[in-house]
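Before any questions on how it binds or moves, here is one chain, the form predicted alone, in structure tokens.
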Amino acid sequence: MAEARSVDLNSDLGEAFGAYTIAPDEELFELISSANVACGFHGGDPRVMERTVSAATAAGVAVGAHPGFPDLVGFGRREIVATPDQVRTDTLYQLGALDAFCRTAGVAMQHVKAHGALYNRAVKDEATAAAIAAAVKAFNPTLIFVALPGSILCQAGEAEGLPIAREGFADRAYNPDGTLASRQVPGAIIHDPDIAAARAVRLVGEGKLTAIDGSELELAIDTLCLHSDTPGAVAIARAIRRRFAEAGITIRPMRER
């Protein structure tokens, strides 16, 4: 991805299912450039997937797949025992499901970003990372592979020759090694819009971030994630956009960078 003072702003959307609403998707569409759409395993269902793809397309927001563990009860944030082949085929299944709705909406899928516990495992586990990357390459090798910078997941995508989008997080604290701090750790989730926006501007503009222990990290990113289920997500997104405008940072989908 090109180095410039521009960045993609992505959010995990379409995670509602049945009668349950998870996040303020409608308000976020006008604030982001890419949507990671749940594919029915950790969240979402066929109706929600279709509505989310349609709404994203209408808003000019690029659509990507957000595959996770088959864990609707735990929202995909629990560790699930799964072999690499199960991870590969589960990922492939979810990509196919979302692509069906993309095709009927007349929009091309832009990217793939693993969700929750699957993402976190793949950042550190070679077999899991390789399984996800293999599924993406087999499905469509032109899809952009979203991964934590310098991680095993990122390396797996590169090994398969996939285009890579290095991802940073506006609403999460980091460990000194560049991984995300566990949600169980106090301060791991950033709720203050001004703090999140200031961190986002520094990360995009300087490639730097302060870790949870006070040490300094250097992280070059192409896309910035804001979790839709973080309390105050809309206020955080608005604060980020305001600070980006002041800093001369433009927001563009991954495929346009």
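A residue's number is simply how far along the shown sequence it sits, counting from 1. Only a predicted model underlies this, so the values are computations on that prediction, with no experimental measurement involved.
Beyond what is shown, the protein has a form predicted in complex with a further copy of the same chain; the following relates to that form.
Colleague: I need to confirm a contact call. Of Ile80, Val123, Ile164, Ala181, which residue comes within 4.5 Å of a further copy of the same chain in the predicted bound form, counting heavy atoms only?
Modeller: Checked against the cut-off, the match is Ile80.
Colleague: Only one of Ala159, Ala138, Val185, Ala108 gets a heavy atom within 4.5 Å of a further copy of the same chain in the predicted bound form. Which one?
Modeller: Result of the distance check: Ala138.
Colleague: Any idea which of 150-158, 70-78, 167-175, 125-133 reaches within 4.5 Å of a further copy of the same chain in the predicted bound form, heavy atoms considered?
Modeller: Contact-bearing stretch, as computed: 70-78.
Colleague: Is there any non-hydrogen atom of Pro193 lying within 4.5 Å of a further copy of the same chain in the predicted bound form?
Modeller: Pro193: no, not in contact with a further copy of the same chain in the predicted bound form.
Colleague: Given that a further copy of the same chain is not shown alongside this chain, does Pro231 nevertheless sit within 4.5 Å of it in the predicted bound form, heavy atom to heavy atom?
Modeller: Answer no; every heavy atom of Pro231 is more than 4.5 Å from a further copy of the same chain in the predicted bound form.
Colleague: Decide whether Gly60 counts as a contact residue for a further copy of the same chain in the predicted bound form under a heavy atom distance cut-off of 4.5 Å.
Modeller: Flag for Gly60 set to no.
Colleague: Should Lys208 be classed as touching a further copy of the same chain in the predicted bound form when contacts are defined as heavy atoms within 4.5 Å?
Modeller: It does not: once a further copy of the same chain is placed as it appears in the predicted bound form, Lys208 has no heavy atom within 4.5 Å of it.
Colleague: Heavy atoms within 4.5 Å of a further copy of the same chain in the predicted bound form is the criterion; list the residues of 88-124 that meet it.
Modeller: Contacting residues: Arg88, Thr89, Asp90, Leu92, Tyr93, Gly96, Ala97, Asp99, Ala100, Phe101, Arg103, Thr104.
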